[in-house]
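The chain below stands alone and is given as structure tokens, in the form predicted alone.
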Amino acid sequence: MRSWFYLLAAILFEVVGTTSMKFAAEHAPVLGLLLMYSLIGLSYYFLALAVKRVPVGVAYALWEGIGIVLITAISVTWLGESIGLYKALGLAVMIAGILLIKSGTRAAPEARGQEVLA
């Protein structure tokens, strides 16, 4: 369970770090870039902690997928960027993929147990 919290922390640091790129570019380049690299570094640190228990493919897919969805939501709501039909459809497909990947992690222990018995 702790690994999932590490993954959540990795996602949140990625979202804040990536979002801070916009502010770094416009307001405080040096300080902003230091903040951005620190947050993205923390994101990778927590992702590394998460993959100790969560399969790497699942952790990376959730980290990237949820990160992209959240960053897009922030860019639309706070940064005034537009979202078109295709972009919205792409995000919907991505959310469906995230749900499928997450549901696939529940089925994995049963499948492993059957392999051991066979």
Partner chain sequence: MNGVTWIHFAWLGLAIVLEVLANVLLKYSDGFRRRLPGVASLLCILAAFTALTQAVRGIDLSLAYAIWGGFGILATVALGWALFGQRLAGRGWLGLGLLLVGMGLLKLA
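Note that this is a predicted model, so its numbers are computed, not measured. Numbering follows the first chain given and starts at 1.
Absent from the display: the form predicted together with the partner chain. The rest refers to it.
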| query | finding |
| --- | --- |
| Triple contact flag 12, 31 and 78 to the partner chain in the predicted bound form, non-hydrogen atom at 4.5 angstroms | no |
| Touches the partner chain in the predicted bound form: residue 74 (any heavy atom, 4.5 Å) | no |
| Residue 52, heavy atom within 4.5 angstroms of the partner chain in the predicted bound form | yes |
| Residue 98, heavy atom within 4.5 angstroms of the partner chain in the predicted bound form | yes |
| Residue 94, heavy atom within 4.5 angstroms of the partner chain in the predicted bound form | yes |
